[in-house]
Each structure stands twice: as structure tokens, then as C-alpha cells.
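Read the single chain below, which is given as C-alpha cells and is the form predicted on its own.
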Amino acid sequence: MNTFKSACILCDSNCGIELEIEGREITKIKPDKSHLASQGYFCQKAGRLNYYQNHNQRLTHPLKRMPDGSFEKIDWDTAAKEIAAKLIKIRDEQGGHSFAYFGGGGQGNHLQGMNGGSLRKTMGSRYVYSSLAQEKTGDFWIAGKIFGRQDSHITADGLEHADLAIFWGCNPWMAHGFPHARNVLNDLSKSDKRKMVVIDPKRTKSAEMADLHIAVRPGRDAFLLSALLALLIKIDGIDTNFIRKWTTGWDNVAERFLKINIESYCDYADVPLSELHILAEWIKATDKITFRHDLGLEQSLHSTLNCYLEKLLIIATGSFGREGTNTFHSTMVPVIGQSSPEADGSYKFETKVTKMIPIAGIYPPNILAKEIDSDHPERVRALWVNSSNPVTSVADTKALKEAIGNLELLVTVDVAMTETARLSHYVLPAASQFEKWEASSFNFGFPSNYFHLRKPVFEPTGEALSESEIYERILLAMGETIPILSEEKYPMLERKVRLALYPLYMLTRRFASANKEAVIAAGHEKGNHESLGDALFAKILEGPVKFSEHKYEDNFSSKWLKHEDGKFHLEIELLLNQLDHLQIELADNNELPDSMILMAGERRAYTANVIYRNPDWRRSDSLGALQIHSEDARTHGLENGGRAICKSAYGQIEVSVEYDDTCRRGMCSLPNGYGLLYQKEGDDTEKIYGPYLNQLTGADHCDEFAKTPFHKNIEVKLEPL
């Protein structure tokens, strides 16, 4: 029995853990009380990580798909040479635009995937698709307009000190999403002086703990957000001093909200006007307010408008740049960038088929099927998938599967034989997150920010390699090289480690150079090292480290506020026009009386991303039940514990039914992370366990600008089995 310290890999919190190991099994997992960031905190999901590490779908050898659809093992040299030859042929004959890249590293695991950038550069392609681009791109685009940079991202770390915490479209008790989430919720709930508000159609665990739960009707968040802003203007709940000092365009923005009929918007959102008044008065009376939103806003109707309205709420109330409010954050490893137009307004890397522009340097998966399945001469012909499973995670499974059949080359690099891997021409086995050096790029702390470089706990299984080694083999076969840390400078590190850590080293040096004061304030000095960045990198090699310590006034510096005048630019005409259009939607509303609104992808106690293959990891909700109010269920003839067919305009699936009166009437929910094909021990065949959600979703059912899918607002019909 051996004990190792590491970190959970399942979400952006990356909580520190202690692992007890026997052979290749993780026999016990407990929180690491000495971890600088998590300090002994973790959730129930971290305790089941052995199910990620060990299951019967682990990939151990490179595989090549044969003409009959079966797979044969091949050696690494053969795989690298054949893939390289096909990539070179596609690039030279069709151009770099014919190659697309999907993924990067999996949730909370991004270090090894960074070497994928060398492959994209060699192919001459900028087309990067990822799950992040089907969640957050609308928010990133708004940031670019208001703050001047799409990667000037707002965090909600002020929740720990907030006197009023507002959670909109999220359930942090289950989803976490910020440090020590459950501790923060418990403190807010128990306090007589602090208040918590949850806006969610479902009475979640977080909503039960709140001082006020507003059960907005699914898809009507934009109406409620607009009504709240209009009411705050009406009752003088706006911070005029902050607006005058730090913003431009507010007068024109406020004028649009003065036209809103607050009562009719509340009626349409099915929220009592009295509840909105309570919230508005609390906001007006409170100095320290922190807003936190998630996919309930970003994957619902009007998703980009929702993000715009939330930013207006934060800024107009002055809830920014102070303790207990929203702030920017530093980032060691940038997960997004800035996509700027050319001088004539065009975008250099606009996609060839759908003409989609990049946002923050990434592209929405909703367009991928059309970019492949087309007779356009410049369509995507080769797709590289890195630690992702788009066949299950992207909207409209049927369309994407058909498109993939038209690819000339599909290569999947993964830990497991996923649904996407099964359709690939080549499948390359990656070492698991506990078999290689890894880290999360989702380090979004403020004023203190932490980074944890995880060391391997096991040797790779079979012939699996780290992604950095895989990319090196492919690039060498293409006649290219990949950069590596100097052996002379880092003789204590194995070659494969120096290969994996080179991108992090360069980013560390860049960060330290650009944030010298914050790095020094975090306790780092150049000392005997060549640079401050080298000193910081040396500390990163030792274990978890605080890498920056900012001041609150830094939020108003040119580091994050990139407009030349140093102000928030609030007037975005495109979004204000969408705001005006809400009036038309309200007047034209026609809903089918027998339809239900499905909120797809709910986060529950035992849901995670699809890297958990074995369904036995779940201690509850093993079937991923469709949860529905008991009265709605009886209306549709559904029995508690029974089975039903859930139909949308795009497809249908069979589901189990669970009566749940925390759901508001007219809605139902299904969880994320299910629908995976797996053969349990003792079963004769593979089975799909739980709801395969993206058979119900459509790629065109999305935000008109950012193409974010409307997973939280799918019209369905339910029929009993």
C-alpha cells in the first residue's frame, strides 16, 4: 500500500486529494488538508475516481479500423507513419482549412493537450472545436465588447465575502464551480446578515438553502433579467457614481429599459412581481453583491443576450472590483484568446461552409457536421479528436455521425474506447490523468490564484503514451520537430517530462514577465534563477503553488480593461436590438398545450463528464431518470418508476420516470454524462446506460450569434411505455 498526493480531475476546482494505491487500484481517496487551494475540501464525486482509472474500455494499444469496421492492433511506428502520410496528403492537396481539431485535454486536464498546437501549426489550421465553445462563447464575445478583450473573464470568487449572493441558472451544491462551494453555501444559508438568491426553474438543493428562490419559467430568463434591470432603474437601485466613473453608453442603454413593461415581463416569466421587488430592494440595500451564472443561462433561449444582461446587472450596480463582488482573474495557462476582425471587418479564419467566425479563438461544435458533410470544395476532410467524445457530447448525434462517415481521416486520442473512437480510422491510447504529468488550466482565483502540477501516480497502461509523446511521434513522421526543455537546464527531469512541460515553462515565463508585481506578492523572487519566471517554474515543479496575488484596484487596470479609455463599454447595439425584440416575442407567443420543456444536462450527485465510462460508479440515480412534477406525470399517464418515450423534433429516447415535485409545472429534466455504451462484468453484450441526450437535440436549435445550443429549452412530448 502506497500513498500519493494528487488532485481531482473532474471539474475546474481540482481539489487536492490523497490516494491510497494497491497495485494499479486506487483503494481509498480522501481530501488533502494541506492543499494550498482546497484545504481539505472535496465533493463526493472525487471519491469514485478509481472507476475512471480502471475499467474494461481502457485503450492499451494503437488501433486501426479495417474495411469491415473492426479494429486491429498496430505498432506506434506504423500508426505514426500512416497518419502522417494521410495528414500531409490532405494538407498539401486541400489546404490547412481541411483539418479541424476537437478537444484539448478533458475537464480539468489541459497540460498535455497543449502540444496539439504544434500539430495544428504544422497543418496550417486554426479550426479548434471544444465543449467550451458550446457553453461560453456568447459570454466571451460580450466580454470583448464590454471590456475590450474576449479573454477578460469575470469570476465569482467574491462569494465567500458577499453579503448578497445571486445564483442564476446554476446549482452549485451539485455543480460546484468555485472554491469550497458547499462550505460557502452553508455559511450563506446559516447567516442572519447575509442573503442568498437562486433563480432556477427547479427547486434544487441550492434553492432550498436560499433566502429567496425564484422559479423562472424555462427560456424566459431574458425577460426576468430585463425586468430586474428596469425595476432597479425605476427605484434608483443603480450605482450612478460607478457608472459615471467607469462606463460609457449607459444613458442609451437605460433608455431602452425604460420602455419595458415590468409587470408583463414578470407575467411572461411566470414570476410574481412581488418576488422581483424583494430582489431589487435587496440589491439596492446591499453593498457587497456577487453574481454567479452557469449553463442555465448560457444554454437557454437568448443565451448571448442573457450574458449581456447579467454583465449589465453587475456593472450598473457597481458590484465589481471589490471584496465580496465579481472580479477579473489571472490565468497561468490561457484557455481562450482574442479573435479580432481584419481592417475591413472580415475574419481571416472564418469557416468555409457555414461562414462562422471564431470567438476567443474557438469554434462552436454545432457547425461541425455542416463543415464536414458538404459538397463545398473547402470542407473539413480530416478531424483530430483529443480527449473528447463529440459523438455523445455535441448536439444532433445523428447528423454528426453521418458527417463523420464522410471524413477522409478521423484520429481519436483517448484513454477509453469511446463512441467517437469507434468511428475513427485510427485510435491512439493516451495515458490516464494519473499516469502522466498534468494540470488544470481553469485556475480562476482572485486575488490569490493557485496552480497544481500533478505528478503521475502510475506508469501508463500497456503501450499508452502521454499526448505530448503522441504528438512528437506524429510530427517527427511529418518531418517536423517539437520543442522540449533543455536537458542541461533540467537534468533531473526525464525526456518525456521535459517534452510535456515545455509549453507550461514558456507560459510561466510569459506570465511572470507580464505580472511581475503579482508574482512577487505571491512570495516568489528571482534569487539565483535566470528570471522570475524560472523561479516560479521551479516552485511549480515542487507541487501546488500560489502563483499570483493581485490587488482589487488591479481590476481597473489596462491588464483587463483593454479599451483605450479604460472604461466598460455598455452599449452593444446588436444585443439592444435583441432586447427590443423581446416585446415581439411576448406578443407572438403561441405554445402547444401538450408540450413539455426539457432541461437537458442537469448536474446531479452522480453525474460527471463522459470520462467516467463504467456506470457502476454511481451510488444513486443509476438510470438517469427523467424527473417531472407528479401532476404533470399523471397528466401524461406516466407512472413513478415506470418507463416512457421522450420525443423531440430531432429524435426520441427511452427514459425511466421519477416523480419530483421540485420541478416546476411544465418542465422536466434529464442529467448529463449518461448514454454511454458499456459492457458490465457478467453481461453478454454492451448496453447504453442512461439517456443519450443528444439524440433529442438539434444543431440548429441554438443561439443565432454564438451558436450555443439551447439544451435547457427543448420542447418534448412524453408517452408512457
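In case it trips you up, residue 1 is the first one in the sequence shown, and so on. Every value quoted in this text rests on a predicted model; they were computed, and no experiment measured them.
Not pictured, yet referred to below: the form predicted in complex with a small molecule.
Proximity to the small molecule in the model of the complex, taken as heavy atoms within 4.5 Å, picks out 287-295 from the listed stretches 287-295, 622-630, 76-84, 233-241. At the 4.5 Å threshold, heavy atoms of Asn50 stay clear of the small molecule in the model of the complex, well away from it. In the model of the complex, at least one heavy atom of Asn672 sits within 4.5 Å of a heavy atom of the small molecule. Within this chain, Ala608 lines the site of the small molecule in the model of the complex, having a heavy atom no more than 4.5 Å away.
Shown alone here, Ala175 lies within 4.5 Å of the small molecule in the model of the complex, counting heavy atoms only. The single contact residue among Gly321, Pro447, Gly144, Gly219, judged by any heavy atom lying within 4.5 Å of the small molecule in the model of the complex, is Gly219. For the options Asn515, Gln134, Thr327, Ser226, the residue carrying a heavy atom within 4.5 angstroms of the small molecule in the model of the complex is Gln134.
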